[in-house]
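This document starts with one chain, in the form predicted on its own, laid out as structure tokens.
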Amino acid sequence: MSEKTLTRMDLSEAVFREVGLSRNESSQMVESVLAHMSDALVRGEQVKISSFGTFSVRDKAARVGRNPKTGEEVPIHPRRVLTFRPSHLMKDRVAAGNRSGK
């Protein structure tokens, strides 16, 4: 696997090249999309991107965990966690990348 990470700047640059907006407008567009997605998730809504996947927030109940070093039981408080479920098309695309040896 490669160690490359896709960043906000990379996304802005892609919008700049492919859509033709200015670099500043491209950056603002990427920030706006990410803000809309984040706000929806904070409200507990799902974010579904066709052919990509679905982001959602799940509530996890309180439970008792265990410190692996000491074996001591530790309470784990209830919390909300972000989950991502890739679409079948995305799964197939990633699997095809594995077969091509990239």
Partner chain sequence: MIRSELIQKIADEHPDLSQREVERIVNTIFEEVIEAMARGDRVELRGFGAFSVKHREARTGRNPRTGEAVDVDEKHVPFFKTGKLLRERLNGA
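For clarity, every value in this text was computed on a predicted model and none was experimentally measured. Numbering follows the first chain given and starts at 1.
Another form exists, predicted together with its partner chain; not displayed. Remarks below refer to it.
Next item on the list: State yes or no: in the model of the complex, is some non-hydrogen atom of V42 no more than 4.5 angstroms from a non-hydrogen atom of its partner chain?
Entry: Within the cut-off, so yes.
Would S50 count as touching its partner chain in the model of the complex under a 4.5 Å heavy atom rule? Although its partner chain is absent here, S50 would touch it in the model of the complex, with heavy atoms inside 4.5 Å.
L34: heavy atom within 4.5 Å of its partner chain in the model of the complex?
The answer is yes: L34 has a heavy atom within 4.5 Å of its partner chain.
> Heavy atoms within 4.5 Å of its partner chain in the model of the complex: does K91 have any?
Replying inline: Result yes; K91 sits at the interface with its partner chain in the model of the complex.
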